[in-house]
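Next comes just one chain, in structure tokens: the form predicted alone.
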Amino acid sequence: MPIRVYNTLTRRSEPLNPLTPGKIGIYLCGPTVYDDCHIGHLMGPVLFDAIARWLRVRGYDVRFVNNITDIDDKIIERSQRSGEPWQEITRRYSEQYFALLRRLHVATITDHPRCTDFVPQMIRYIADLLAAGRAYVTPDGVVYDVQQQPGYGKLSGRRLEEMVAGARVERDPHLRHPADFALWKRAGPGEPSWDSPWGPGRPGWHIECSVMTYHTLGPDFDIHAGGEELKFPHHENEIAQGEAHGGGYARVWMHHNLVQYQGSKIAKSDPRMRDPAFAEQFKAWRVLDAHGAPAIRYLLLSGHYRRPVDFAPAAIAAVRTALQRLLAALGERCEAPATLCDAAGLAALLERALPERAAQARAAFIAAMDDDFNTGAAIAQLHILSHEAHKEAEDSAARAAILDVLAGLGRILGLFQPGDRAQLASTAGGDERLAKVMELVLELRAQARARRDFATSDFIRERLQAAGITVRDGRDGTTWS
């Protein structure tokens, strides 16, 4: 049976038919590097790393491109506000991003193109769009004419007459249509710029990905991936540019869902994000430090990529427990050196003789991954394998075979890496120590409140808040997070 993929563009599940037999090209939109990464920046890389790993074991040669946007209005604003050179800002946060990917065992990305390395190619691409009558020049730069694009809005399902300009483009009286978007922005005083036929400036946001896909994967490629929030305007505009430049662009569009907290989507517009302590807990390095990178990778893969992921404390605690249970069953197997599995490695796992129920779980794992890369259903089969191993005698060949298959399948998903058990143990210890300290602090605060010393009570809460710990008083007592 072929791998089937849900294509956001066609809104249906389709067999995966690569442009070149045996090869798959994937492009995943990467971060704009102007500030600390938040956990949402890591969802796409982890999810599509697992997908790329599966494509490898299914025999495909995968080229996986994940770009870095290292010139943007937000980067310039950060530089102007702080006085730090914009190149230093982008260098620091790019390195942070790469370090986070390493901690999460993201190992399949082959290319990290940077926007600033492709500016000459972007200028030529824009000139081609102008020559084709698909763009026009304004006093502020060069703009794409969406009314010249047949089927504009087909990815997002929006009608042209209902659209407004993209969030990163200010309304301009020189625009022919409100949804027209910038290809080239003329530079203001003191802003970074490159020379172009339309004056010194920099590329618009959307043109970056169209050009970088063109030069890494070609005018037509297999899979374009990204977050649900990028469908419009970013991905819609990428399609317009790619098709206007003469290509078919991406054949399959795959969109992962977003981060939630206790059932509610987290976004910059969320009123809760105005609370610095609340927003701080979603910084990627803080999440990994607090809970362990192995647990966060497991959490991101524990559902389906098209469903949201909830970062509520209870959800993280649950996956930590589940992962620790699997690691305990595997013992020293997860400390063996780990390499990316290929088709031969999967074939070896399939050849292992297993008891009937374990063999069924192995087959169900493969079926889940072949059906739109359902990592959550696949992980459920890992727990069945662990349960079946537990039923066998401690020193039996059947138990050993089941655990070998469990370890191999888990590692295809990037789980069970050397050092994972130690990481979970260290973060769990930190949780326990912090809990004991907080128990004492809250007891002292309760004593202050009991004697109506509200100044001390408020002082303790404010100092904890400054340290990223939120204290809430309710009818059922005081809680912290």
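The shown structure was predicted, so the numbers you read here are calculated from the model rather than taken from an experiment. Under this definition, the rigid core comprises the largest set of C-alpha atoms superposing within 1.5 Å between the forms. A residue's number is simply how far along the shown sequence it sits, counting from 1.
A second form of this protein, the form predicted together with the RNA, is not displayed here; the remarks below concern that form.
- Judged against the RNA in the predicted bound form with a 4.5 angstroms heavy atom cut-off, the residues 32, 374 and 383 are in contact without exception.
- Site annotation in the predicted bound form: the residue of 150, 157, 188, 246 reaching within 4.5 Å of the RNA with a heavy atom is 157.
- This chain lacks the partner; the member of 391, 81, 102, 124 within 4.5 angstroms of the RNA in the predicted bound form by a non-hydrogen atom is 391.
- Taking non-hydrogen atoms only, residue 310 approaches the RNA to within 4.5 angstroms in the predicted bound form.
- Looking at residue 40, you'd find a heavy atom of it within 4.5 angstroms of the RNA in the predicted bound form.
- Residue contact check for residue 227: one or more of its heavy atoms lie within 4.5 Å of the RNA in the predicted bound form.
- When contacts are judged by a 4.5 Å heavy atom cut-off, residue 351 does not count as touching the RNA in the predicted bound form.
- Look at 87 to 95, 256 to 264, 111 to 119, 139 to 147: in the predicted bound form, residues with non-hydrogen atoms within 4.5 angstroms of the RNA sit in 256 to 264.
- Contacts with the RNA in the predicted bound form, taken as any heavy atom within 4.5 Å, map within 323 to 360 to 325, 357.
- A displacement of less than 2 angstroms separates the C-alpha positions of residue 63 between this form and the one not shown, with the rigid core held in common.
- Core-superposed comparison between this form and the one not shown: the Cα of residue 453 travels 2 Å or more.
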